[in-house]
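Given as structure tokens, the chain that follows is alone and in the form predicted on its own.
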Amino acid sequence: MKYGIALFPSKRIQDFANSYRKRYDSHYALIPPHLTLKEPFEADDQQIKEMVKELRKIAAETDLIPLKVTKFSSFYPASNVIYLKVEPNETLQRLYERLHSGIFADKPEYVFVPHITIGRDLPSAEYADVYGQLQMQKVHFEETVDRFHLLYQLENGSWTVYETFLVGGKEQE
């Protein structure tokens, strides 16, 4: 089965992101606005049991996660992806690194750029027009996130939460 690890921002940020995603993101119906911490990976039931134990440990040792969203940005020319930039911080970086070491060890395809995708698969002309307009907008959100999620992919391509992990020394619900 295919799994991934992500964190979901507050409803306020999700609503803001979705106001663009419904028009510009081909994955709008598959997953809510999120910040990917670990790209999709394959695992069997036994591996997931071990990973869940390790994720609980990582969560218990992770501080509350500050999120500061500051602007629209893009991965152009690598791809026509438009996103909300999340300012890097030590807590987020350390969590990302822990999710790519030990039993999670892999070589990420890309350098970690914290972001929330709002547009993808746009034709070049539309991308240029949309991104040009979005760049002029002011964006500023600051919040603290107290959990991340192990997700799994359903047959229809959508993602759903397998388990939630509370950070900041909080007890698991």
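Residue numbers here begin at 1 and follow the sequence given. All figures in this text were calculated on a predicted structure; none of them were measured in a lab.
Unshown form predicted together with another copy of the chain; subsequent notes refer to it.
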| property | result |
| --- | --- |
| Answer range among 22-30, 128-136, 115-123, 61-69 for contact with another copy of the chain, defined in the predicted complex as heavy atoms within 4.5 Å | 22-30 |
| Another copy of the chain contact at A6 in the predicted complex, heavy atom, 4.5 Å | no |
| Contact label in the predicted complex: V167 to another copy of the chain, heavy atom within 4.5 Å | no |
| Heavy atom of K57 within 4.5 Å of another copy of the chain in the predicted complex | no |
| R147 within 4.5 Å of another copy of the chain in the predicted complex, heavy atoms | yes |
| Site check L37, Y76 and T91: each within 4.5 Å of another copy of the chain in the predicted complex by heavy atom | no |
| In the predicted complex, residues of 79-107 near another copy of the chain [heavy atom within 4.5 Å] | none |
